[in-house]
Each structure stands twice: as C-alpha cells, then as structure tokens.
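Have a look below at one chain only, the form predicted alone, in structure tokens format.
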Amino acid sequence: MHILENLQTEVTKQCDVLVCGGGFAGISAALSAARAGKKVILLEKTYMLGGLATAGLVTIYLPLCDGEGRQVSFGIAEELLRLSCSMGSEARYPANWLDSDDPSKRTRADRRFEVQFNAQLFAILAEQLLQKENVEILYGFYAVGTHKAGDKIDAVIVENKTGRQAIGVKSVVDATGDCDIAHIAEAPTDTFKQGNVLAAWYYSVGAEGYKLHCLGACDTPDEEKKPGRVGQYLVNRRFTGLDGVELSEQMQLSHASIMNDLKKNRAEDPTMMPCTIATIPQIRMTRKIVGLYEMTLEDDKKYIEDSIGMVCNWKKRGPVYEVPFRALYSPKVKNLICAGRCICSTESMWDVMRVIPCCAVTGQAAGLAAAMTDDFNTLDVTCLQAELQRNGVVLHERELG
C-alpha cells in the first residue's frame, strides 16, 4: 500500500486493466483482457452483473444477425448469448440458429439470432465465467475520481462500504454506460440531447404464467414522430440520466407506472402479482465519448479499415455496420478506452449501438486493446485486429461470404 504523489487517497489495489462497469460491455472487456493474460479488476456499483440487461430487466439479447440469414457479430458476443440461454430461455429461442448447423436454411423469413433470457441466471453465470478467468470483481464500488500523470490515468479513485480508496492502473476501460470515467478524466464527451422517455419494465406471475411487461417507450424519442407510429409515453417528460435527483424521481415515476399497470391487469386477473421490478433506472442513452470517428446510419455496408467487429441494426433487417476502433477512444487521455453505449456515434446511430450485441463487440475489442497497450494513439490496429480474428471475430462484411 502506498500513496501516489499529490494524491492523499491510499492506493489499496493495482491492476493492468481496470474495467469500470459490469454490464455486457464490461463483462466482455474483462473477459477479453483476462484471456490476454492481464490482471483485471472489474468494478460494478450494484451487486449484480449485467447492468441494464439484468438489474434493469431489459432481458432481450437483440440480434447477432442481419435478418437475412447472415450472422455478423461473433466472438464474445455469441459466447454470451449462448451463455444467457444455456439453462433455458424465457422466449425468442432461436432454434434455427442454436439447433441447426446448416446456414443455408436461414433466410430473411426466419427468426433472428436473438433470445429473451433470465436476468438472475445470466448474472450468476457471468460471475462464474469471470471468476474462472481470474477477474477480480468488486461489487458496490463507485468510481468517483481519477488521478492523472500527464495525459494518462494512473489511478482511479473509488468509494465503497469501506470508504474512499484508489486503484492503481495501467489502462482503463470505461464501460459505465454513462461515460463517467471519460467525463471525470476530462476527455471530450457529449450528451444525449433528446433525453430518455420513461420506461417501467417488470415481470409478473398470474394466469398467463411468468411474463415480461415492456411498459413504456424505450427507443429514441424521434422515432415516435414517424408517420403511423403510436407513442407509448408514460409521462410527458424526458430524462438526461445524469442527475441524481432526477434519477430518483424517475425511479419513483417508474414504480407508480408499474402499480397503475398492475391494478389495471388485476381487474381481469386477480391472481397476477409482480415478481421482479428493476433495481436501477431504465435509462438508455446519456453520455458518450467524442472519439476520432463518429458512427452514423450511413455507415451501413461501408468498409472500415480499422474495424474491430460488426453489428447489425436491431430495428430492421439488412444493415451491417463495421465498428471503427477510432470510435472507442479520444487521444486526450491516452490509456482510456470506451465500450458499449459510451462509444462515439450520432444520436440516431446511438440507438443502434446501445444494445447488448454491440456492447459485447466493442467490449471485447476495448478489453483486448487495453491488455495490449497503455497508449491507444500508438497501438498498431492491425495487431489488435489479428488477435480479434484469432478469437473468432469477423471484421468485415466482405468476409461473411
């Protein structure tokens, strides 16, 4: 234990790669870095892995395919999908993908490569997988500050039940979902201007059995303006997701919406009871890094030289996007890289990139890059790409055949 120069907080732990955030992006980053032989610590402010997908009950693992019979996301993105339904799925089981080895039989008319999974099962399975790879998981840890030596972070300051302490780092992956580390470290960031609409997803048991209620809108608010689209607003208000008081109010409005929905449903089914409600705010988009490349919807089918993997558009069939490494970091903080919904994109593309498969694809690349260097500006991307390919990732659409 020691004290860094000009830092009064005690450094209690050291690691090669610190992953901040235990959602799908953070899980993927931690796995990737640990499998590269590095000492990895994963911070998660709740006491459950999976983030919005588990504690937030958004339990739909959206597609790994383009909707036209081609898988586009591979590597850890596929590994975690298979893990999520390894003890059974709740719904959307893609039998044509998981039970068939014949890709020629997959067509545009088939079910997409997605699944609805159980939040609690996945959280435990993911924890066990990380433990197997010797990742140190620290629950109940908030990152509240950074200490920098020049243009690199050398320690992240955290708070937990014990109090305030610091973790010495070589590289940091920001998988917080809110780009918190980049913001704290004064890397350039931008916020979601439209704001989030209220969502109140919950589970119940009753005459219909065990059921997920997707209550409230969850897409980009601009989507509601399209002709023929019916709004699903629970309240006439939007949320930044970046203010503590606002988030408290949002959770209370979410709870009130659940209660109203329950009372309405119980009029027809008196046996209906809630069995799970979200324990974190169901906020989708908040803050992102301003990287060297901004992804857009027009990147569909575009060849990206520094691609670190591919993702699809979960909202419609057809589009395929190659994800640029340049969208994951800013040169302002050399050893900080972002993953998941924190990466650089336009607001419309943000709604595509925020979902589970995209988080896993960017998380795997970010974790591996963090294991390879403490300066992402100088990293030879071809070396990163070669290692990703060795780990099963397909980088370019033209490689799909």
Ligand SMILES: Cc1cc2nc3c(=O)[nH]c(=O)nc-3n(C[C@H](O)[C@H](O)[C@H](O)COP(=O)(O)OP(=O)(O)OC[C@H]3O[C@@H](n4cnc5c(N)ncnc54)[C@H](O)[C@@H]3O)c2cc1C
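These numbers come from a predicted model, not from an experiment. Start at 1 with the first residue shown and count on from there.
As for the form predicted in complex with the ligand, it is not shown, yet the points below apply to it.
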Thinking of Gly50, Ile60 and Tyr142 as one candidate spot, does the ligand come within 4.5 Å of a heavy atom in every one of them in the predicted complex? yes
Going by a heavy atom distance of 4.5 Å, is Asp154 a contact of the ligand in the predicted complex? no
I'd like to know if Asp180 sits close to the ligand in the predicted complex, meaning any non-hydrogen atom pair within 4.5 angstroms. yes
Contact flag, Ser348 vs the ligand in the predicted complex, heavy atom cut 4.5 Å: no
Would you please decide whether Ser73 lies within 4.5 angstroms of the ligand in the predicted complex, comparing each non-hydrogen atom pair? no
One stretch from 33-41, 339-347, 365-373, 64-72 that, in the predicted complex, holds residues within 4.5 Å of the ligand by heavy atom: 339-347
By the heavy atom within 4.5 Å rule, which residue out of Val311, Ile289, Val169, Ala199 makes contact with the ligand in the predicted complex? Ala199
Looking in the predicted complex, the residues of 23-42 with a heavy atom no more than 4.5 Å from the ligand, listed in order, are Gly23, Phe24, Ala25, Gly26
